[in-house]
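Okay, so here's just one chain, in structure tokens, the form predicted on its own.
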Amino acid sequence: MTKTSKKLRLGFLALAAGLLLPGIVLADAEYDALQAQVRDLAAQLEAVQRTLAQIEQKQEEIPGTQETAIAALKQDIADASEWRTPNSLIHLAGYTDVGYINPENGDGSFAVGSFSPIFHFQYRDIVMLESELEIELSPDGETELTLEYLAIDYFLNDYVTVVAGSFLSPIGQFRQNLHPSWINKLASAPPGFGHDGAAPTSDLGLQLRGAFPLGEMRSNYSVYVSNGPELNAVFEDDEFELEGIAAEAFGADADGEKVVGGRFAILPMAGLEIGVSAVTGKATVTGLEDEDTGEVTEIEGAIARDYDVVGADFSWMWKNLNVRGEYVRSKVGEALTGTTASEGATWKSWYTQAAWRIPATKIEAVVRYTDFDSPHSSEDQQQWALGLNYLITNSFIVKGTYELNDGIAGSRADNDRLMLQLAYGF
């Protein structure tokens, strides 16, 4: 019996006693009436006791029920929060562009630049897979699929990320940060910074990259080792001549030679970044190109040559004005003996670009000057590129670009071009 029921029993007994004591001096009839009243009170007391017992039983059952309900509720919350704060994240991004190109000495045509989906799969803040596919429509209507890069990024700590696989070349700024059509301010790449030899485009190997404070300044860096580039040569006038550098990620290292390189940049003030780059290693002639057909025949056993790249870049942002520039030089040493013996060759290019967003409008004016020097005089080019853009959104841009090209008369490098482009980043 609980304390509550005991108190009720005593209370009722006291009440009953208070009623019975006066009954000693009462009449029999009154005594009988009091006895009936006591019996009624006793019955009511038993009913109250039964009710109290039921309440106590419920009180003993409720805590367990509450614990079960609370545990189930916590599990429901945990299941729901897994979607709000998942361990794994999947992100699809990319870009595409379409346009119209009208060369000075040719026929204008509509063109599809590329469709480049970019995939990110990240597990917590530990590891991420990143990959970009490049799907292009060739002039003859064939669809070409290229793996632009595929790398696994291991976030070692706040200052170091380990990147393994195929990655965009960290030399300079254009290839790793600016080449997507919705980011590039003009409808074309600066001569020498595309797939034409002066600047490396991608590498397959191992890279360390990150950032750290340098006094009151900030800095960022990348250091990597990768499969070396491959060289193409032509056979002309009974001798070999270097044709170009294929400084792209290859799935296998044809000559077993590796290159080491990287970039280091400082940000001395808000809006300004200055970087320097370098690569050194060996490269080997692996293909002989037919000048008439463009077909490349594989060559084995050629002597490895010295391969060196140096570069510098800057970017300055002030209000609505962005000024940037880059310089890159790729040099291949000579080979005095062997089946592909020839002199060395140097490719170099530099550009300076200014882009101004007209205040309170969506219009942007762009001007760029580029000077590209190649071992082949027919490829040398000086270019002024003028652009006028309309930013429908920050990632959807209408671009109009006109190139004033100066090269050897009659060569493609001397052909001015008008380009219209719709570029969309998603």
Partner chain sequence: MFSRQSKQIFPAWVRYALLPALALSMFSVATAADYPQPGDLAKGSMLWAENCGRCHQVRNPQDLRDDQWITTAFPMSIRAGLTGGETRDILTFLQASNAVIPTAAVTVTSVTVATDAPVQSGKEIYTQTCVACHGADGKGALPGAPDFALASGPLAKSDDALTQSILYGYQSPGSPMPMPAKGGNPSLDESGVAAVLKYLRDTFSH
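Positions refer to the first chain, counted from 1. As the structure is a prediction and not an experimental result, all values here were calculated from the model.
Below, we turn to the form predicted together with the partner chain, even though it does not appear here.
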Would you kindly say which of 346, 177, 102, 146 lies with a heavy atom within 4.5 Å of the partner chain in the model of the complex? 177
Taking the partner chain in the model of the complex as the reference, which of 86, 194, 108, 333 has a non-hydrogen atom within 4.5 Å? 86
Please check if residue 338 has a heavy atom lying within 4.5 Å of any heavy atom of the partner chain in the model of the complex. no
Can you check whether residue 117 is within 4.5 Å of the partner chain in the model of the complex, heavy atom basis? no
Proximity of residue 342 to the partner chain in the model of the complex, heavy atoms at 4.5 Å: no
If we define contact as a non-hydrogen atom of the residue within 4.5 angstroms of the partner, is residue 209 a contact of the partner chain in the model of the complex? yes
Listed range touching the partner chain, judged in the model of the complex by heavy atoms within 4.5 Å, from 211-219, 296-304, 134-142, 280-288: 211-219
Can you work out whether the partner chain is within 4.5 angstroms of a heavy atom in all three of 97, 400 and 406 in the model of the complex? no
Checked 109-130 against the partner chain in the model of the complex; residues with a heavy atom within 4.5 Å, sequence order, are 120, 122, 124, 125, 126, 128, 130
